[in-house]
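Take a look at this single chain, the form predicted on its own, given in structure tokens.
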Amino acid sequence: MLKIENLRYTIGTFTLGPLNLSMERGEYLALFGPSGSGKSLLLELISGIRRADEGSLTISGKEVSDTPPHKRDVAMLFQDYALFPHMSVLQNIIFPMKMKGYTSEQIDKKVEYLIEYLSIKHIIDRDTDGLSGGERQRVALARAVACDPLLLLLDEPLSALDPDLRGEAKELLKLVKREGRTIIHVTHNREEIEDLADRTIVFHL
């Protein structure tokens, strides 16, 4: 599914790599380590937000090192969820499907599935500004998986939540995992990835 060979990227005085990594389809991989160790930077390189200085990056057999983000079959859930504040919950969810040219029928069918699957039917017409942390995470996750990406990248997905919501959010990630999605989960908290990750890679400063 994912193969990284001799990937290197330098920003300021920090250099990530050379890094080699491979993942199987359906694997849930956790990247654990302190802030500043390069975990989120690696997600940005995989998603195409940043371009590596050296090395190759292959997704499902396709070399994507020079492929722009919107042409990579990858979705990223950011730490702050990055919902569009000028759009409703529904508009946020359908935005990536419209960008990829889904038909109205395809969008309606997918939305119907997502609102039941992620239990967000009751907030579908609301503005995103008034949502709780848990609701924002569900909407962001719905938007991320709407186009069935080959690879789902989670950047500190639970860190913005209150402690009492983290257990609920973790159960939500288990639900997503059971669909057989290929996932990379970045965290600095080992408790987040217990009972979730199939494999953990530790980053050091």
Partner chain sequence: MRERGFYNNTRLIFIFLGGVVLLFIIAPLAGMFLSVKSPELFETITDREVTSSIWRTLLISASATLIVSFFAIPLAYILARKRFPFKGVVEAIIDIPVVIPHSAAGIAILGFISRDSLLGGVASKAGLTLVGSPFAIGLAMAFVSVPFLITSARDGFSSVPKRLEDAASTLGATPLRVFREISLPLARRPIISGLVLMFARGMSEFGAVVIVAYHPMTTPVLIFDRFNSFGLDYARPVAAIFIVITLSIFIFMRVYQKR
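Positions refer to the first chain, counted from 1. Just so it is clear, the model here is predicted, and its values are computed rather than measured.
Not on display, but discussed next: the form predicted together with the partner chain.
- This chain is displayed without the partner chain, yet in the predicted bound form the stretch 66 to 74 from 53 to 61, 66 to 74, 29 to 37, 164 to 172 comes within 4.5 Å of it by heavy atoms.
- The closest heavy atom approach of Gly134 to the partner chain in the predicted bound form falls outside 4.5 Å.
- Within this chain, Lys100 lines the site of the partner chain in the predicted bound form, having a heavy atom no more than 4.5 Å away.
- Taking non-hydrogen atoms only, Tyr117 never approaches the partner chain to within 4.5 angstroms in the predicted bound form.
- Tyr113 falls outside the set of residues with a heavy atom inside 4.5 Å of the partner chain in the predicted bound form.
- Residues of 60 to 86 that come within 4.5 Å of the partner chain in the predicted bound form, judged by any heavy atom, are Pro69, His70, Val74, Ala75, Met76, Phe78, Asp80, Ala82, Leu83, Phe84, Pro85, His86 in sequence order.
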